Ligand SMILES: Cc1cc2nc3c(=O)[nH]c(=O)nc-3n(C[C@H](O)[C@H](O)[C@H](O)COP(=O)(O)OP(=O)(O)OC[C@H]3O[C@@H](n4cnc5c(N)ncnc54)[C@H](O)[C@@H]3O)c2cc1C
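Quick heads-up: it's one chain on its own, the form predicted on its own, in structure tokens.
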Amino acid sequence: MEAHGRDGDHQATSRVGFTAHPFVSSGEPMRVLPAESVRWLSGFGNPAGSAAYVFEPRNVEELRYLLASARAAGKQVVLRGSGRSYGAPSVLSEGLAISLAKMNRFLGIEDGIALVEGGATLSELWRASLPRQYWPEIVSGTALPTVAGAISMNIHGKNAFKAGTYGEQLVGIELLRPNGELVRMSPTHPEFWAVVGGAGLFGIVVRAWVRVHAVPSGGVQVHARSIKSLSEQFEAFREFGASADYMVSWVDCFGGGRGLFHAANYAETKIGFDPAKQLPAGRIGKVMPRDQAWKLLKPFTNKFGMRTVNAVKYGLGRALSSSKPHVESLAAFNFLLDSMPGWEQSYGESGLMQIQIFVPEDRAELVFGEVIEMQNRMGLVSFLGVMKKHKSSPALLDYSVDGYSLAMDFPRSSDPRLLQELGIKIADFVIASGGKFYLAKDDLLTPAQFEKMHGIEAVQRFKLMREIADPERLLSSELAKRLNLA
């Protein structure tokens, strides 16, 4: 495959929110880490962060040097991609943080398989693929996560009901173990499905072979339907499930589950393969910079304001949706979260907690209804709800189920005690109903809840495999510590 060098310095800095300390890898491993490398790290939802020694290596040899330096300095290592996980899987107090921002080269496409370095973002992957008339099999609601991060969290997209999770689209990965050994793994490797979804606790994904598929254009045909109730949400998913390539629905938790359902199919359209024409213009109405638009939302990011916003959104959805489909670009449809850069800042400095529950199909409607009722009874209603359909995956710690998920955003500025109480109640109820949570968005599970969710046998097997892969427990994170995984 032909390699394409990419200047990722600017994006690397912006994606992690800091400028890393200049990296020097010659000589003996560092026994004392430089104070100038200390940076403050936090998750996307802005939970409690912490300071760490941050470095951005450029190749495998520099990675090995950093692992040796962490060992010599008596520090644990946390891996960081774009920092897009909501909680703390890429945060470790006083640890050595390795950012893959400078290991982001796109290395080519051959026979529908793209080869990329682990630090490449999904944005860098689709922008390189689309001009070749390919689109990644799975992308998340934002294009900013790295490929290594997507593998570590086993992310999903709006086609999860059809394509499954990210790990299922991998042909292979190259993993640098904590001891410096470089291992190439395919899905038949006994460790592969522990690494996928393993929260970066088995090693560093240096390169990945990722499936992309040929598309007839750069667009999709979208069917929009106004939904009056939670029951209608499920009916719409069942109606379009056999024919749609993508499905997703907005849920108004203030309004009992009403909302707006979207199904989309790849289509021949006038939208071509030019990445520059995939995303909305940089200015809204040719006036306001799009990256400043979140400021318009900020005055409404409170209980009364968001109740109003949800009601207006539902009303507009009813007025504008019709049986006639419309066309959107692939990027605009898939990366709706990126249409308003920095939207999370509208929640203020305290940030937000996102809770995404995954529930088996036969219990999903009952559980979703009760969870929405629970919020309303406690007066702490999700500002945004998003519903998707899923199928289970082969990952050892599989969060996905044959059923549905409901993602909910809660402001951390609300009563922290009440938010914690609500989170625990939701977790207990969902897990007792056979449901699950996934690590990219977890900020509340206890070790006991985690073990009950996956089963003692799976969690013990994960820990045993990790002991073999990382006997020194060099890799860790605040999330891993909370769940007793490292």
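Numbers for residues come from their place in the sequence shown, where the first is 1. Model, not experiment: these values are computed from the prediction.
Note that the form predicted in complex with the named molecule isn't included here; everything after this is about it.
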{"item": "Open or blocked, once the named molecule is placed by superposing site C-alphas in the model of the complex (3+ ligand atoms within 2.4 Å of backbone or C-beta means blocked)", "value": "open"}
{"item": "In the model of the complex, segment of 287 to 295, 365 to 373, 127 to 135, 193 to 201 with a heavy atom within 4.5 Å of the named molecule", "value": "193 to 201"}
{"item": "is_contact(G141, the named molecule) in the model of the complex, heavy atom dist at most 4.5 Å", "value": "yes"}
{"item": "In the model of the complex, L337 touching the named molecule (heavy atom, 4.5 Å)", "value": "yes"}
{"item": "Contact test in the model of the complex: K436 vs the named molecule, heavy atoms, 4.5 Å", "value": "no"}
{"item": "4.5 Å heavy atom contact, I155 to the named molecule in the model of the complex", "value": "yes"}
{"item": "Candidate spot Q233, V359 and F429, all three touching the named molecule in the model of the complex (heavy atom, 4.5 Å)", "value": "no"}
{"item": "Answer option from L170, A264, L406, A148, heavy atom within 4.5 Å of the named molecule in the model of the complex", "value": "A148"}
{"item": "Contact residue in the model of the complex, chosen from V205, V251, V220, M353 - any heavy atom within 4.5 Å of the named molecule", "value": "V205"}
{"item": "Partner contacts in the model of the complex for 468 to 482 (non-hydrogen atom within 4.5 angstroms of the named molecule)", "value": "none"}
